[in-house]
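Quick setup: one chain, the form predicted alone, written in structure tokens, and binding and motion questions come after.
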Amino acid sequence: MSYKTLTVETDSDGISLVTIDLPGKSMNVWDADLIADFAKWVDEFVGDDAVKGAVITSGKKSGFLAGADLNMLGGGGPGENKGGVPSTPADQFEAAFGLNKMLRKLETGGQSAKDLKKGTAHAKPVAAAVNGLALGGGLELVLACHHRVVADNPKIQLGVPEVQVGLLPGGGGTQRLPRLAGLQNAAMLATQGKPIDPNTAKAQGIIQDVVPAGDVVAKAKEWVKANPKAVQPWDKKGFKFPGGGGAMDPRSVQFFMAANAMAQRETNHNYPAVQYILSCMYEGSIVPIDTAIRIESKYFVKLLTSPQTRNMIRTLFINKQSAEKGEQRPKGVPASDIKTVGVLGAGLMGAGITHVTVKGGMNVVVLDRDQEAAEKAVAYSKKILDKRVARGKLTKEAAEEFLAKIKPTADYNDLKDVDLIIEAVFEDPDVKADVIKKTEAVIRPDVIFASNTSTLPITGLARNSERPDQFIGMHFFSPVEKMPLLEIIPGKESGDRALATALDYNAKIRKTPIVVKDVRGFYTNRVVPPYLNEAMMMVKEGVKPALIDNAAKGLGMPIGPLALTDETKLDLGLMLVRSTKKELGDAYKPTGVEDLLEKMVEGLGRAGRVSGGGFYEYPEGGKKHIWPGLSEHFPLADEQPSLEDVKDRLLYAQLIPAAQCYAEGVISDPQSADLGAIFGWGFAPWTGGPMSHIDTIGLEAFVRTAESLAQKYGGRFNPPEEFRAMAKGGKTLYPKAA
């Protein structure tokens, strides 16, 4: 039998070597072709008496199998037929159960569970020879094999990350993992989605052997030859969960009580997938494996057909992947060959940009006012690398090679051979104008000049350039080496080559890019300030600061807005307010927190965390806490708002300006707005982003709630007219599934 995605070679001992190798793909995934091929092979394997056993491996250097192709799951719900999702609930269940059914047939050899338990039947032995990462459905295939051999490489990742896109392991992962590793280890893997290395997996009982990479297939074959009759542990009579399982075992009862409470504390009830994973494990521990995997598929379908999961898959996987592959890159522009980048400024941003540029495989010439200042970029990278060396994640030689790619200088002539300029000097138009002119005097005529700025319009900066068509904005976020988003801002005269080069550079540093309109603040800094301002307005009103920040965490924000204001510095906020007021003049609209910022920064000397404290105190060696003196200057109100009221204000303080940016064309599509929100300021990932969340709420309900908030708290909550019109027309931001 021939296959598109497999090669099957059977040796003289009757052992088949099954090699998974999807043509034209860099990584093996469960796509429609592999599922069809694998099902055919399992049928053939089970039915052919001449074949005595099998070893399953990968033909890819990139890994074993990375799980399901989420593009197949990107749409679909009841009554829909998009992305390969069947239209009726019964069909949806059967489709979801298909992988479970196939893997179960592989491990039982088509024999009944009853006969296996009685010892009157057995399966043909199947071993996994894992030569690279095995994630999600890839690990679930490994678990369905009777023996698991993995290459001895600490970089190999084994895990079930489905929870990160709102799903649960749907190929038996919630059932085989606890039967191998115990409930606690399995729950940690499945609810957190973090991978483990081969030796950790062996210690937990998930795999049996860790061997040199060149021996994985031979060792797997050796086991198959030595074990002609195979039965999984859970198919043997008297099987018990390691560490206890079931509804009556005190150990498992105690575990589920604690695990459920801890999970909801961490997720704030925003992630049903976590709850469903624990439900799968609890219910599955009470019943036989054949019933357990049906329970798993039931919960899998409930998640897959929910708006939340579809939003998460669409934003966090499909749209993210498209953006990172350069979806917005102008067509027909030749790829740029960026080998050396000139970075202007070795401060916090310039040093971070230098680091990620070298990490992306490029050399850097970093320039500052003098040699000592330029050397700070080297020191910045050295500090990061030293930590990695100390943890055993990097060799000293590799660290030295990394640092050797950075050339600090104070001489503009050292920029003459660079392929791209990224300017990251002080956020002052005059300072930037000076370095633009000095740099253009020495660089090649074809070099693109990118300015890193968080608020200054690119068109205005480009007036200082003699080649505005080669001038573009790149807004990095701090700390650069950790923050995943890059805003790319074409100016009025920026040409296609400037945008293409910016995206080519981004592909090397592997950030998630969005292209935004050239307006003051761009996208993220048009949305974040109103959100932070709303929190500060509540402080002025006497709302308890702990209530404000806890409400934000309840929404799924990684950090409360008052704590975030401390991190981003109140004095910077005050400076931006004053510079905006100066630039806009009579057109400036007060935010309502100018007096609070002045009092905190200039009156009380509380400018933020780096200055010793702001809304919070940061005791050395202790835990941060709300500054006790805050209530003396901003007295608490006798009557406090409800948690839901505070949540609504903080949520809509982000949704409204995000919607305004979309309505005004600052952001051209809903997917970029969602990506920018989640990866730019940490907007609740469970929503799929603000535009996805508005669609899920429904535009009519969104407009109604916004208008209600506007009546209570002011016109800043008024929804854009375009959204009112869309609500009346029954429209959605994302196209409805066909």
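For every residue, the number given is its place in the sequence shown, counted from 1. Not measured: the values here are computed from a predicted model.
FYI, the form predicted in complex with a small molecule isn't displayed, but the following is about it.
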Worksheet item: Any of the heavy atoms of residue 314 lying within 4.5 Å of the small molecule in the predicted bound form?
Response: no
### Query
Would residue 310 count as touching the small molecule in the predicted bound form under a 4.5 Å heavy atom rule?
no
Might residue 94 be said to contact the small molecule in the predicted bound form, defining contact as any heavy atom within 4.5 Å?
no
Does any heavy atom of residue 465 come within 4.5 Å of a heavy atom of the small molecule in the predicted bound form? no
Residue within 4.5 Å of the small molecule in the predicted bound form by heavy atom, from 417, 594, 427, 496, is 427
Exactly one of 421, 562, 650, 349 comes within 4.5 Å of the small molecule in the predicted bound form through a heavy atom, and that residue is 349
Within 4.5 Å of the small molecule in the predicted bound form by heavy atoms, the stretch out of 378-386, 505-513, 112-120, 360-368 is 360-368
